[in-house]
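First comes one chain, alone, set out as structure tokens in the form predicted alone.
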């Protein structure tokens, strides 16, 4: 058994990563220096956008993205019921209101019909004119069907901010199209956001980024990223006209990011191979568990390996199942508890019974997936999953 399966995800570092960080440590700038611009340029090149802006986290990226499209108090933003809390929190930072959209129960993704139903309910409640943005979440590495979602949003004058924190390196091919689009190129959105947390496809330690195609967005957000300060001849220093934040990313973080980006194709391939091997290994357990639904329009850069387990059939609840795995040194996680269940969001507008989100949550479990893993780690994991099933069923 490898020590790399004790967590559902883990970063990968090599000597080149350490060397790049050392170079910055020996330079004149460890923050607010030239490495930041280099990293931003490489990110935009990687995803095919015209511009990129790095910041302190995926959460700050979402917050800045909402600021860039002028979300304010009283506005509504649509968010999937299955996602990390960062998107919802970012809306609340601006005193705006959240509308949760339901998801497909087999994939956890918002499908176009989920969005259309949400918008229809907003029409009935006479609040559609206040709905200013939708944040589609590319979950587990798999992207949403962006083209029809873009059509629906444009028709209703709704901006799109992609939460791509799980999907750096993923590609999208619309139905009846021969062209592939990179997630983050913003062909079907206003802004895309990324996270570089240690369990993501690349890491900067902590960090995030926004990608977009309008230069004026970068000019505006660079100010908000740095306390709202602008250079001033009047004060021979700086002046502040708007409330900003310290959302900067250091040169140290960016040096690590630059080094990690060089390995991303290897990371994506290794994760895909592990994902496919998992699928083969669990195929003979299909009566009790199966992989999440996948879509032909997406070429995913897998971030997480999520299975759907029929806990009722094996007569054991999710908590006990996870504890049994942990006894064998196997970490697992849930991505995610529906936000409609979280106490902080209980007062947000409910426009659905959220059957899809509830069903997805009831059966989903995230198993370990990282570049550090080997096929024998998966053999070990699946062997113990089978033992738990056979013992309890």
Ligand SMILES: Cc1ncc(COP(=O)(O)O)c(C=O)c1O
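Numbering follows the first chain given and starts at 1. Predicted model only: the values in this text are computed from it and were never measured.
This protein has a second form, the form predicted in complex with the ligand, left out of what is shown; the following refers to that one.
- Contact annotation: of the candidates 118, 83, 201, 142, the single residue with a non-hydrogen atom within 4.5 angstroms of the ligand in the predicted bound form is 83.
- This chain is drawn without the ligand; in the predicted bound form, the residue among 282, 221, 137, 256 with a heavy atom within 4.5 Å of it is 137.
- The closest heavy atom approach of residue 163 to the ligand in the predicted bound form falls within 4.5 Å.
- Among heavy atoms of residue 195, some come within 4.5 Å of the ligand in the predicted bound form.
- Although the partner is absent here, residue 58 lies within 4.5 Å of the ligand in the predicted bound form, judged by heavy atoms.
- Using a 4.5 angstroms threshold between heavy atoms, residue 65 stays clear of the ligand in the predicted bound form.
- Only one segment in the set 318 to 326, 244 to 252, 84 to 92, 174 to 182 has any non-hydrogen atom within 4.5 angstroms of the ligand in the predicted bound form, and it is 84 to 92.
- The partner is not shown here, but in the predicted bound form the stretch 310 to 344 reaches within 4.5 angstroms of the ligand through a heavy atom at 336 alone.
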